[in-house]
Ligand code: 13P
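The chain below stands alone and is given as structure tokens, in the form predicted on its own.
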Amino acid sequence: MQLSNEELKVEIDRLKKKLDVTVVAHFYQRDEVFEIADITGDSLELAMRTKADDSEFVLFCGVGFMGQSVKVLSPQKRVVMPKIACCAMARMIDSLYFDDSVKFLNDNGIKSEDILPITYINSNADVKAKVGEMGGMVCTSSNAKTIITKALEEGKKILFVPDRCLGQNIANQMGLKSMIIGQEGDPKECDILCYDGFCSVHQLFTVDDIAFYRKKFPGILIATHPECDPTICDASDFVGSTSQLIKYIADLPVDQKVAVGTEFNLVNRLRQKNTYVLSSTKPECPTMNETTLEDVYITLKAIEDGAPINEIEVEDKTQKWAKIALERMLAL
């Protein structure tokens, strides 16, 4: 017999109290999943807070690379996921595509020893490991400018993977020259060489959407995530990471209208009045929305039965170098 959502919540609460488990959910999860989590936040915040948590099991509601990051930083923990959903951006690059990008730069006159790779945290562990082994580090949307500023002190070319938009937006903020790998241009003349990856959700926002809201509500503010195209960010009043967007909007006067360019579930929870989704279509991440209350219940029940499912494992060498790449970021 299928349980209702209310019955599932009761069972989930019972199992959480019985088991040595912490339920963790990303900001983009659907409301009913987000509400039953013990820890919520963006990807790095979740990895850091679960590292400090004492539970044997982490039940992670998010996408695969996030569960991997928890396991990499806390290898002693048992990390399970109700759905090992795959971030589309993270799937756009793997270790072989990373090697191809390095070869492209080599073929265009840039030696490997003159390249410093940086990977956005939205990448799988094998890519983080490649970056770590090559002397590079991880960044998030909130600290990318800090990480790139530090990296440039080494006098090397920055290979930025996988999100071209974040790389280009940070380059624009810093007055640096960037190009997308494989497109026209001379890599030797650029500071940041961006892999051609992107977030499909953040590509939904257009300058026409911004024009629509500015015409409909004179004085409205536009706040967007740096995974949006540079044309969108250049036309915005504020650009920031998930946590930065949350703070920015919370600090606005209640009567100040704001249109937000990021994932729908997050925008929908920001505040009750004068907040709009900057899109003519619903910008909902399909993989983040795969996880249901029933999935959470089934995963908890499997732990209770002594047969955990969807457990995250990371191969030893990958674990070693991915952790080094993450720790280089954390050291800054």
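Here the structure is a predicted model, which is why all the values come from computation and not from measurement. In case it trips you up, residue 1 is the first one in the sequence shown, and so on.
Below, we turn to the form predicted in complex with 1,3-dihydroxyacetonephosphate (13P), even though it does not appear here.
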Counting only non-hydrogen atoms, which stretch in 100-108, 219-227, 170-178, 247-255 is within 4.5 Å of 1,3-dihydroxyacetonephosphate (13P) in the predicted complex?
-> 219-227
Tell me, which of T299, S43, T50, Q68 has a heavy atom within 4.5 angstroms of 1,3-dihydroxyacetonephosphate (13P) in the predicted complex?
-> S43
Of S236, S74, T206, T242, the only residue with a heavy atom within 4.5 Å of 1,3-dihydroxyacetonephosphate (13P) in the predicted complex is T242
Does N124 make contact with 1,3-dihydroxyacetonephosphate (13P) in the predicted complex, using a 4.5 Å heavy atom cut-off?
-> no
Find out whether any non-hydrogen atom of R164 is located within 4.5 angstroms of 1,3-dihydroxyacetonephosphate (13P) in the predicted complex, and reply yes or no.
-> no
Might K130 be said to contact 1,3-dihydroxyacetonephosphate (13P) in the predicted complex, defining contact as any heavy atom within 4.5 Å?
-> no
Partner proximity in the predicted complex: Y120 to 1,3-dihydroxyacetonephosphate (13P), non-hydrogen atom cutoff 4.5 Å = yes
Of the residues spanning 172-204, the ones with some heavy atom within 4.5 Å of 1,3-dihydroxyacetonephosphate (13P) in the predicted complex are H202
